[in-house]
Structure formats: structure tokens, C-alpha cells
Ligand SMILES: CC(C)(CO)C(=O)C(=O)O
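Only one chain is included here, represented as C-alpha cells and corresponding to the form predicted on its own.
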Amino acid sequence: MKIAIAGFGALGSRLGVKLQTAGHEVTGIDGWPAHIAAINTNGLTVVHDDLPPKKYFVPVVTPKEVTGEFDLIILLTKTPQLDRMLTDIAPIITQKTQLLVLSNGLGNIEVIEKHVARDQILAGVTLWTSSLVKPGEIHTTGTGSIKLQAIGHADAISVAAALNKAGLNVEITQDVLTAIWHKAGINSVLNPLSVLLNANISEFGTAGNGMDLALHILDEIQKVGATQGVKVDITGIMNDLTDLLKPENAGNHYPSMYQDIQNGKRTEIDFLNGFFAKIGRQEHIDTPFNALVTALVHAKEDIERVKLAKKQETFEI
């Protein structure tokens, strides 16, 4: 397949390398000039676990520079920037292009429907992880998986086969919404708590009350889900969290929200814990833990951006 990856950051880079290695023609699309320049000049450096670094050469362009036609566009842009990304890359989206969204958070499908027909959309969740260490370099650990579903009549079988050719462990599901809420539950624990506790996933697991905090967050999400017709399996999420704590899986990984905070970026907290708190208010469900976590992460965003601005005179707050 000819594949574009919109959002060629940590995870997009990891998936891009695997897809290119499997023989697909891959183009990265990203908005960070330093990252684009580093990859196009010196290649993408990938450090996997304790193995020696390897170089890969995947062409990367900005959203307004990309040209051509693609069989598949994988969307890994964070939800707050998704609408802008789709607007910028509209010239490369034809009626035959399929779009697979793997971004974290809720509300992505509704955004994509403003730009393309439902029959072009596939939605999924992924447990693959990656860390962007510096422009042009990622560190990866463990393995992962993807669950996806055609929202309308998109060709999920062909897309899954192409991704599985790259060893991405794809499974087609008929209930992707439940899977998306499941992943959002995981992210609503690990992402903000890694930020607030300044910890990677394994380090979070050493907190004596870490899993108690997780249960409080997930209990609220389950109650909110019930008002939306979504069954949230707390036991299943807790089992997945326990597996992710292991270093051989994702334990050494710092979640994307932690990475965003360190880079002075706004996070997707409003589309995780903030989303659940918002629906809770609408449905008259108390969500004090999710509301507090959302407020604290926003405060952390402000503090870290001011610190970074003081270090970099050209940094824009």
C-alpha cells in the first residue's frame, strides 16, 4: 500500500518504520520543522530496548507540502489538532482514500466525519508505544497491538492485512467504541498520573496507592459510560494496566502526555479525563477524581511552559 502517516511523532515514526520495512511506500506528515529536518537529513534513529541504534530513511513533509494520492492515511494527530490536520491535507484525500484514526482520546470519529464519508473511515486503538527523545530519534520498548473497525463500509480486511504484514498485530473488532473507551480508561490513568507523579509506567506501579487512584478514576468512567450506553470493564482495564507495568511490555515508557509536558506542549487531557468530567456534569454524575486530575494537568502545562519560555527566549507561550 501507499500509506501516509499524519502525525509522524513518536508513535507515527515507529509505525512508519515497521510499515516501510514490510515493503509499503510510506510518507510521514508532521508539523515540527526540527523533527522533519533531522529525519530528511540524517534519517530516523530508532533505539529499541537495549539494542544498538538503527537508522531508517522515511520521507517526511509538512501537511501543506504533501502531494500525491494514498491508499491509506493513518491519523495519529492529537484530537485538538485533528481538524486542522485534515483541512491541511485535504488535497491528498480522494474518494478512494481510507483513513484510519489511532489517536488517543474521544471525539475523533466525529471530527473526521466533517471531512470524509463514513465509508472511508476506520477507527482503532493501539497499545504500541514509543518515546520521542529528540528531533529525529525515538526509543521503543516491547510490542503492541491494534484493534480496528470500519465505521461504514471501509475495507477493514485489506487494511488489517497490510498492517499485519508489518507485524502490527491487528485484530478486527465489531465494537470499536468499547475498545476506544477501554483504551481511554488506560490513558486516563497512566498519562496524567505519569505527569503528576513524574514517573514512567513501571515507576507509577511502585506507588503504594497508585492502583487505588486508578480505581477511583475508572469507577467514575464506568458510571459515565453507562449513561452513554458503553460498558466499561474495570477489571479488564486493571489487568491491562498490570501487564503494562512490566518492563518487557511498556514499563520503561513515558506516556505521550508526559512527553508533551516536557516539550512545553498542550496535552490532550480535555479529551481524556476532561471528557469524562464534562459528560459527568451533563449527566449529573459526580467525577471529582477526573475533574481534579484535569485541573492539575492544566496547571502543570502552564508551569512547565513558563519554565521552558525562560530557557528559550524564542519559545512562544
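Counting begins at 1, following the sequence as shown. Only a predicted model underlies this, so the values are computations on that prediction, with no experimental measurement involved.
The form predicted together with this ligand exists for this protein as well; it is not shown, and the discussion that follows is about that form.
In plain terms, the part of the chain that comes close to this ligand in the predicted bound form, with a heavy atom within 4.5 Å, is 128 to 136 out of 210 to 218, 128 to 136, 172 to 180, 154 to 162. A heavy atom within 4.5 Å of this ligand in the predicted bound form is found for exactly one of L99, V195, I201, V224: I201.
Using a 4.5 angstroms threshold between heavy atoms, L72 stays clear of this ligand in the predicted bound form. Using a 4.5 angstroms limit between non-hydrogen atoms, P255 touches this ligand in the predicted bound form. The closest heavy atom approach of I186 to this ligand in the predicted bound form falls within 4.5 Å. Taking non-hydrogen atoms only, Q120 never approaches this ligand to within 4.5 angstroms in the predicted bound form. Along 96 to 119, one residue reaches a heavy atom to within 4.5 Å of this ligand in the predicted bound form: N104.
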